[in-house]
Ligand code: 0WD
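The data below hold one chain only, encoded as structure tokens and taken in the form predicted on its own.
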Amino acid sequence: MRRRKKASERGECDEDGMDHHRSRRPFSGSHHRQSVYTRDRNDRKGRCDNSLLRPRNHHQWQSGSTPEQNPLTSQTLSTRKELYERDFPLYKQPVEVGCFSLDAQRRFFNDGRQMRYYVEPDKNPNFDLRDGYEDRYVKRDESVKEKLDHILRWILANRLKLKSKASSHALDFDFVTWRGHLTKLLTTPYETRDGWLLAVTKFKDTLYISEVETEAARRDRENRPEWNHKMMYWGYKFEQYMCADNAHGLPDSSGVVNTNEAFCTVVQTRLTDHKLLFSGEVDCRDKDPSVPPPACYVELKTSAEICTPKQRSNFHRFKLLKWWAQSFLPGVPRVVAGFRDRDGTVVSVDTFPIAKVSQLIKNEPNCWKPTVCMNFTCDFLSFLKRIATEDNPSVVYLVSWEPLKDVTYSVHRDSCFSFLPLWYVEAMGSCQDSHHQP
């Protein structure tokens, strides 16, 4: 049996479910001018110290061992909510263009072998989320940063149906990224605690976005308290109680929870004039074969039992924001949530249709607004198009944000932040060359 998403996507570990991202001093490490693609990636990773980073009020060019200030004028992006309270932007219905699976050893497969099927629970489920934590729990190594590698493998396996008709483009998309990175953007105007770092590279006219773990996030991950580990497991265990491995089966809660395994959808959509290709993990699908993806998908969550008006208000203002953003992006129509008591027993299960979430929060004072989330994300993507101008896989635009501050960026050449692997760059280059052959 399997688990799904990391804790930050499940919203299980804390009230807002975001990774802990804060920055420090500007990066000043010494790098050779040798191309990033001729250096060992593990060696690069070892040299990259994110504690040496901090957002700047101006962008900075960094190359080799002698960083130089770029003379261009400052460019930042505000995250103030009032700036984005305008009409809801055009967001096309997401279309699934493929899927892939990751097995128990985190190996990539260009198919849906890891798909699971939703099984409606009893009205009083009484699921014991603690069961198996000590002896049937295999945790993925979170210190291994996979960046965009799995999405890139899927692109290479499916590039013939993705290639652009335009001669200068390898892909017919403006952006390639994980759904989780976009979720962080949607929630940014309402985030008050955790910042983030995003690495952006322009390659063959497509902007690739990959998250960079900050020093604060690394510390939080390495010093996570035991109760936090247990609550993370509870989210995975809930999925095991709710899912079958085939359309005609039943859940088996006696199996091992392995957090390496995953089923991921790949969707394409458009936000105003931004063409997006992104992937995200999916918990399970409805058993009805007549419902196509992504409309058949179901997102599973756990949350503390709601007993007071204050708890309900916090649930609307914080948890529902993350749940809505994560599911709205790929077109997943509903979230099924298990509400647990303090001892980790699920006492009730409720369904939240994504289309009705805005109605649930409309009477909540000072609550979040979907239009603000989407307009900020749209403007952020436009911001990236303006700043990320050099088409070069070894150049990274490191975009930084901390609460109550503007979005800023710095530029890095041949640095430890480079994330497009040589095998992808070469394969896409050969694909482009063959595309032009008569």
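Every value quoted in this text rests on a predicted model; they were computed, and no experiment measured them. Start at 1 with the first residue shown and count on from there.
Quick note: we don't show the form predicted in complex with the named molecule, though the next part is all about it.
Transferring the named molecule from its position in the predicted bound form by superimposing the surrounding C-alpha atoms places at least three ligand atoms within 2.4 angstroms of backbone or C-beta atoms of the displayed chain; the site is blocked. For the candidate spot formed by Arg159, Thr201 and Lys385, no residue has a non-hydrogen atom within 4.5 angstroms of the named molecule in the predicted bound form.
Listed stretches are 355-363, 118-126, 274-282, 304-312; the contact stretch with the named molecule in the predicted bound form is 274-282, by a heavy atom cutoff of 4.5 Å. When the named molecule is considered in the predicted bound form, only one residue from Asp194, Asp174, Glu215, Glu211 comes within 4.5 Å through any heavy atom, namely Glu211. Between the named molecule and the residues Leu102, Leu77, Val257, Val349, the one pair within 4.5 Å by heavy atoms in the predicted bound form involves Leu102.
In the predicted bound form, the named molecule sits within 4.5 Å of a heavy atom of Arg179. In the predicted bound form, at least one heavy atom of Ala262 sits within 4.5 Å of the named molecule.
The named molecule is not drawn, but in the predicted bound form it has a heavy atom within 4.5 Å of His150.
At the 4.5 Å threshold, heavy atoms of Lys163 stay clear of the named molecule in the predicted bound form, well away from it. Applying a 4.5 Å heavy atom cutoff to the named molecule in the predicted bound form picks out Tyr236, Glu239 from 229-245, in order along the sequence.
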